[in-house]
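Have a look below at one chain only, the form predicted on its own, in structure tokens format.
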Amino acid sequence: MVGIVGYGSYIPVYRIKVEDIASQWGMDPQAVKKGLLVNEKTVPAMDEDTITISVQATKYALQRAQIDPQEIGAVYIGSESHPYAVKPSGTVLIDAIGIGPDVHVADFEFACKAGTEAMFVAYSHVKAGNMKYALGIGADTSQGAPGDALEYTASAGGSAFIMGSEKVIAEFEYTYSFTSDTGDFWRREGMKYPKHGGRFTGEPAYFHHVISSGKGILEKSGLKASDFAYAIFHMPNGKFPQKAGKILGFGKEQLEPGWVVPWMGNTYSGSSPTGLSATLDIAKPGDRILLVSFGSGAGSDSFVFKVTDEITSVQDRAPKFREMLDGHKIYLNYGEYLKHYDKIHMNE
């Protein structure tokens, strides 16, 4: 059995409400909230970035796994907002956590599915017997240009997953990926903010890949929607994952635990992994969980997890995601929000 032995998430305490962004640009706040099904989003502190988010999420994952960090043989961070264009994020993390130097490290990038990409490779190493444990992370301090539709949702946060074959809490039963050259969203070197294809990012990109990947793994596994306790889909906004779930036959009660976007926004590479983390917090032995990510460019990774009896012993060892989401918050006005993002994205 190979699967997740420890998991953890981190989101900043800072928030900005959709109303404050909409008012800045003369938009109707209620119309924006209704259109996106997003109420507020997380904002990174001035000293927070993909690395610090990854470090804290990993600390929580280690608290749950209760393993020696030196036994982790690979560390992969998936993000589209690595602090450095040339310098890995993972090398900072291993020194901060106490992993290595006998460790393989790489930064991954595939838009919003870089996190599940990192998870897949970490799992594959353990499955192949290359190492005892491997770490896969999805984290971002997402970018959205001022006044762009992305600004309402682009947020900060991430989740970390330690893969192993002992005391597994959620077994990888099946994996499946669906990929094509679909240019719906991009950012060239030197561009501060990404560009996107507007409505083109919906049907040809997100829905085509997510639905195809979801159908693919259901066919591969021989399972149907009713066989799952929960399902998580990438969350660029509140509406898309609900629509995707409905198309694939999933109901509200299956989607709701991992549907975290209305209160935190879209953490890009950390989006669907964080939905999984929130779901593992309340999962019970025997539950099956479907996870379908999406990354522009474009592709979707799908996983079927089966929760084991070990889950109940680890859930309370670290802060649960909903505790972070609903706990202490500091709300920023639009000017304060810009200062935070300018600070972390201007290499200061």
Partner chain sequence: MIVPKYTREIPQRFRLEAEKCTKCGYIAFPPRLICPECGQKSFQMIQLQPEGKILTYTIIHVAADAFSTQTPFAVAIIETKEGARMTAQVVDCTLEKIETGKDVKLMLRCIQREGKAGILQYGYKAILSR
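Residue numbers count along the first chain shown, from 1. Small disclaimer: the values here were computed from a predicted structure and weren't measured.
FYI, the form predicted together with the partner chain isn't displayed, but the following is about it.
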Open item on the list: Just to confirm the contact call: exactly one of 239-247, 205-213, 82-90, 123-131 touches the partner chain in the model of the complex at a 4.5 Å heavy atom cutoff, so which is it?
Closed with: 82-90
Open item on the list: I'd like to know if Thr52 sits close to the partner chain in the model of the complex, meaning any non-hydrogen atom pair within 4.5 angstroms.
Closed with: yes
Open item on the list: Can you work out whether Asp95 and the partner chain are in contact in the model of the complex, taking contact to mean some heavy atom pair no more than 4.5 Å apart?
Closed with: yes
Task: Interface membership of Ala45, the partner chain in the model of the complex, 4.5 Å heavy atom rule - done: yes
Open item on the list: Is Thr308 near the partner chain? Define near as a heavy atom within 4.5 Å, in the model of the complex.
Closed with: no
TODO: Can you work out whether the partner chain is within 4.5 angstroms of a heavy atom in all three of Lys17, Lys34 and Tyr334 in the model of the complex?
DONE: no
Task: Residues of stretch 1-38 in contact with the partner chain in the model of the complex (4.5 Å, non-hydrogen atom) - done: Tyr10, Val13, Tyr14
